[in-house]
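Here's a solo chain for you in structure tokens, the form predicted on its own.
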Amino acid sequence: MARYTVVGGGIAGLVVARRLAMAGRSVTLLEASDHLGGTVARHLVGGIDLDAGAESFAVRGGTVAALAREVGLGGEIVAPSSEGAWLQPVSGPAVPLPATSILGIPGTPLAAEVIAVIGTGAALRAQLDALIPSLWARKSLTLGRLVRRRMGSAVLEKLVAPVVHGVHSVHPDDLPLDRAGGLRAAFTHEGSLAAAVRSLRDAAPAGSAVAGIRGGIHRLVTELVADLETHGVDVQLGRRVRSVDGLDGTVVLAVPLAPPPGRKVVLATLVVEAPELRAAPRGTGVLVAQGARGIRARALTHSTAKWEWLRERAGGREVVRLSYDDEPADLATVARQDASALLGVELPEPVDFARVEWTRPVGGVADVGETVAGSGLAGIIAQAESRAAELLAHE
């Protein structure tokens, strides 16, 4: 019987170990910490079970939904509110993100909501996208370079950068085009960036680009771990691996053995009594332009406005989550101030507050996981499934 050792018990490691074990292979899973799932985790805030990391997944490709169905969570997949997100520009009040947009890229550059953010001159420049000859998007092209070339710097920095930073934790110049959903294929087919956005939005109406799991994404980890037990995977917690020497069988790295310093992301969660928020004054949340006056957060999610199941469980309270790249000294105070400014409602002292810190990998060598597939459950799970299939096929 073929033997495998999977190093790293994040979501990618769990997926690979499960798939290999289901194929009848002997699998050992080594995890350095005292828990499995990595950033797909839960925490209790104000008596409510909440996701401490990812709280949604991209529906593209159907990979995450397929896995959820396999582990018995197919009936628990839920869509978010169709309210949509808002944008906090560098100056001025928050405004709704353009209704027809993908990652902040406008499908209609001369729309009033686009002009409100970037101005008439920049919107006219973006409209030139319809006239610029379409060139083949080479493999190494980043999203930032494509947007800048087609629509100009104002669209890139004022619309696209806040959204990409909030979703992928990077600037669009550092996001490969192939990680922007089906944008490359749509651009190649349509011949302009705006037309590509419109075609993608026609195929995926508002609210259907992401989904969640009733009760939280962390339930996926619970079911995956149960499957590992069912299929006899030897799970060893507290096992930090610094070398593959001496490990049994084929080694699959789901985490770099010697990762360089990563990018810190801090999440602040507030549970508040704020009836004014029940009308979702800023939709499902606010993405923040870099340099926005007086705001330290990079993004805010109004979780009880985004997820109906959570609104039901919150018992009339509101759950708000903010993310920070640079953590302020008094996080709880700053988070409440930022949330008040972004939501346009003066929030009271929270019923409860929680801080979570994650380190996003930057560089390093691994076979599966965020280091290879980038952020986002859809890409991570798809790449892990593919790698498991390759290993089995080449035995």
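So that there is no doubt, residue numbering starts at 1 and follows the sequence shown. Small disclaimer: the values here were computed from a predicted structure and weren't measured.
Beyond what is shown, the protein has a form predicted together with a small molecule; the following relates to that form.
- Every member of the trio T39, W358 and G376 reaches the small molecule in the model of the complex with some non-hydrogen atom inside 4.5 Å.
- In the model of the complex, R321 approaches the small molecule with a heavy atom inside 4.5 Å.
- When contacts are judged by a 4.5 Å heavy atom cut-off, D338 does not count as touching the small molecule in the model of the complex.
- When the small molecule is considered in the model of the complex, S56 lines it closely, a heavy atom lying within 4.5 Å.
- Using a 4.5 Å cutoff between non-hydrogen atoms, V334 does not count as a contact of the small molecule in the model of the complex.
- Here the chain stands alone, but in the model of the complex its contact with the small molecule, taken as any heavy atom within 4.5 Å, falls in 56-64 among 42-50, 339-347, 326-334, 56-64.
- For the candidate set V95, L257, V251, A195, a heavy atom within 4.5 Å of the small molecule in the model of the complex is found for exactly one residue, namely L257.
- The partner is absent here, but in the model of the complex a heavy atom of L267, alone among I118, L103, L267, V272, sits within 4.5 Å of the small molecule.
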